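Single chain ahead, by itself, as C-alpha cells, in the form predicted alone.
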C-alpha cells in the first residue's frame, strides 16, 4: 500500500512537470499553478498542485524567473521529461508520407539529399537543421584531378560516382610539376574508378609497401600519391556540416538577449563544435540529445541539440540533427530527426 502511494505521488509530479513543459514550449510564458490546474481538470486541487510545483522547484526541475512569476523548466527538468518520452515517440504515418514525397523530384546527388534534409528539418521544427556530409572515405570515385596552385600547394578536385564535386587545397612536403600531378591522377583514375576512396587509399598503400614488380608503374610517384590521398582523407573541410534555418533563432523570445544571440552567431560562424560533436558520435547511429549545459560549448548553454546517424550501404557514415532553444518540442524533434535519418540512408543507397 505504501509503495502504491509513492508511485501515485511520483506519477502526479511527472504529470505536473509534463504539463509545465508542454505549456511553456507552446507559449514561452512562465506557467502558473492555476494554469496547470485548469489543464489537469479536477484530478488535483490547486493546493496540491502548488505543493507539487514547490517540490519540483526544490528538486531543480523547474525555476521561477522572477518573484510572482510562474515557473519554467530547467535543463534538468527537460532531461527528465525527454528520458521519459523518447522511447515512445513515433512519427505520424501521414506526416511521414508527406516528408518522404519531398525527396521524389530533383534528388540526384548526395548534395541534393543533404540540402533537402537540412531544409526539411528547419522547416518542420522551426529551428536550425544540420546535416553532416559523409566522410570523403565513403565517396565512390569517378575521377580526380590535381591543379598546381603554387609551389608545394595543389588543388585536388574529386568527382564522385553521384557527380558530387569536392575541392581540397593540399599543402605538400615537396613541389610537384604539373606533369607529375597528371601522372598521379591518371594512375588513380585508371586503377580505382568506382571504388570507395578508402579502398583506393588501402590499395595504393599496399602496392607501395610491397614495392613489387607489379607496382613499377607507381614506384616513382608512390610517396607523393600516398601524401596526397592521405591529406584528402584527413582534411577537415569547412562545410563538413551543412545547415539551414538559422533565421528561426531570431523569432524565439530567448534569443532577444544580445549575449545569447551573439553566442549563437559565433556557433554557426565557425561550426567547429558541431562538426567535432557529430564526428565524435560516429560510427554510432543512436539518437543523442544534449540539453543546455550538457553541451560542452558555452555557445550552446541556452540551446539543445538532437542528432541521429544515417547509413549508407549498411554502415553509419554521417549524422543529421536540429539545434534550437532548450524550449523546443522534443517529441516532434525526436520523431522528425529519427525518421529523416532513415530516409537519408535510403536515398543515398538509391543514388
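Predicted model, so just to flag it, every value in this text is computed and none were measured. Residue numbers count along the first chain shown, from 1. Heads up, when I say rigid core I mean the largest set of C-alphas that superpose within 1.5 Å between the two forms.
From this point on, the text means the form predicted in complex with another copy of the chain, which you will not see here.
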| request: Name the single residue among 191, 231, 143, 195 that comes within 4.5 Å of another copy of the chain in the predicted bound form, judging by heavy atoms. | output: 143
| Contact residue in the predicted bound form, from 185, 172, 157, 91 (heavy atom within 4.5 Å of another copy of the chain) | 157
| Thinking of 147, 163 and 247 as one candidate spot, does another copy of the chain come within 4.5 Å of a heavy atom in every one of them in the predicted bound form? | yes
| Would residue 258 sit within 4.5 Å of another copy of the chain in the predicted bound form, counting heavy atoms only? | yes
| query | Is residue 266 a contact residue for another copy of the chain in the predicted bound form, using a 4.5 Å heavy atom cut-off? | reply | yes
| request: Spell out, yes or no, whether the shortest heavy atom distance between residue 84 and another copy of the chain in the predicted bound form is within 4.5 Å. | output: no
| Is residue 251 close to another copy of the chain in the predicted bound form, meaning a heavy atom pair under 4.5 Å apart or at it? | yes
| Taking the partner as it appears in the predicted bound form, which of 121-129, 148-156, 273-281, 73-81 has residues with heavy atoms within 4.5 Å of another copy of the chain? | 148-156
| said: Once both forms sit on the same rigid core, is the C-alpha displacement of residue 105 at or above 2 Å between this form and the one not shown? | reply: no
| Quick one: core overlaid, is residue 115 moving 2 Å or more at the Cα between this form and the one not shown? | no
| query | Core aligned, does the CA of residue 189 move at least 2 Å between this form and the one not shown? | reply | yes
